[in-house]
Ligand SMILES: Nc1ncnc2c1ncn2[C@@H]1O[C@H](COP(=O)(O)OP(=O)(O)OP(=O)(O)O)[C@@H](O)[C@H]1O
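Next comes just one chain, in structure tokens: the form predicted alone.
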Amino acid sequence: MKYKKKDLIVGLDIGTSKICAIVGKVKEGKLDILGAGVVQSEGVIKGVIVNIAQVSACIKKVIRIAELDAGRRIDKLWVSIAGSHIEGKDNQGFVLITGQDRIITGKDVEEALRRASSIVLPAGREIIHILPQDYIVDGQNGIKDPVGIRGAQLQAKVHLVTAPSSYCQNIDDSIRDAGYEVEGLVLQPLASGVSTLLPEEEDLGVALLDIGGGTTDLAVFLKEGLRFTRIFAVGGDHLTNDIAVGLHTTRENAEKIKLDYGVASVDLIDRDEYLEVEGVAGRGRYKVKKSVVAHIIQLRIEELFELVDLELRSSGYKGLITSGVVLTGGSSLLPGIDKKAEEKLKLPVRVGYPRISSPEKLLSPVYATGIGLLLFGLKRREEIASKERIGVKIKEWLKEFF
């Protein structure tokens, strides 16, 4: 069966350890996954592109794999963005409602959002998301869609996500050099949240922790809106480095040890069990207790959750996270990490998997961001189509960087 090209939607997750492309089609407003590709990442450090040529080559490779798997040609991509220099800021905008009947229109909402996003940014920074949190009409808050309501004043509260312009331009350059176009940029934890969080969690309050290779992304959702974001320059690659240093072995050997024997707590290990470690540059093999590896990992995991706890407390959202915490990303598969998170954060914790029915190979936290990019892009397309139908001037909340 043939599908129109406009029905095709593609997510590209550019990570520190892997680059993943997922292809989907839109049929009757629903998403169907057609194929995917994954390659080892090169040219990315802590979520930031540092070598455009290497990243572009990886993108070409992963898109070819995804195209073969899906049986479709790809041209436009929804792309993830991460990095410790990404920042979030709350702001608000006000609009006086004119006209004899004082009924709020789509244009009034658009103007309130425009004013809320009119902030002075430091040189070299750009807004990548304008995310509505709440609408207030004549002092009445909790309004999700104010269009059609009568009132004298409309107030829009938003969460603005900003990034260095260089981050965005390097992503765009890498993708253009590979022969493709950026359809939109999406904050990594926002995409992961779309694919893993339940509506009731977002409403009651939940913290999402996307633990990737180079960074851990924190996002707090409350009353179905993104309220707080923070990126930590700590991820699964730090566990690998710690093991390599602690056991005097290569990063390649350390990564294999982490995957084969890694756990988040020494309590999960028989302290009398040993494993063999290969030394650097032919220095021979020796035995080490598995509990030593567990202890190395546990120290770094505890440090990470202590940083998260401190950030949640200082932000004022710790007491508002009624649902608890959702862990996702590759390192969320580390045995015992959910229990360690509960211990350090004093909140209920679960591991978040993409909320899709198939294909089975993508039902993993590793692909949470990639799946979320498709769902986010689909939602944005629907919003734009809706605005066109009612004749409202289109202004995407997602900034475009091309």
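So that there is no doubt, residue numbering starts at 1 and follows the sequence shown. What you see is a predicted model; the values in this text were computed from it and never measured.
Note that the form predicted together with the named molecule isn't included here; everything after this is about it.
Engineer: Considering only heavy atoms, tell me if Lys290 and the named molecule come within 4.5 Å of each other in the predicted bound form.
Structural biologist: Contact with the named molecule, no.
Engineer: Are any of the heavy atoms in Gly212 no more than 4.5 Å from a heavy atom of the named molecule in the predicted bound form?
Structural biologist: Contact with the named molecule, yes.
Engineer: Evaluate Pro354 for contact with the named molecule in the predicted bound form, applying a 4.5 angstroms cut-off between non-hydrogen atoms, and reply yes or no.
Structural biologist: No.
Engineer: With the partner left out here, check for me: in the predicted bound form, does some heavy atom of Asp237 sit within 4.5 Å of the named molecule?
Structural biologist: Yes, contact at 4.5 Å.
Engineer: Based on heavy atom distances of at most 4.5 Å to the named molecule in the predicted bound form, which listed stretch, 250-258, 167-175, 67-75, 91-99, is the contact stretch?
Structural biologist: Comparing against the named molecule in the predicted bound form, the contact stretch is 250-258.
Engineer: Pick from Leu363, Leu34, Leu347, Leu333: which has a non-hydrogen atom within 4.5 Å of the named molecule in the predicted bound form?
Structural biologist: Only one option qualifies, and that one is Leu333.
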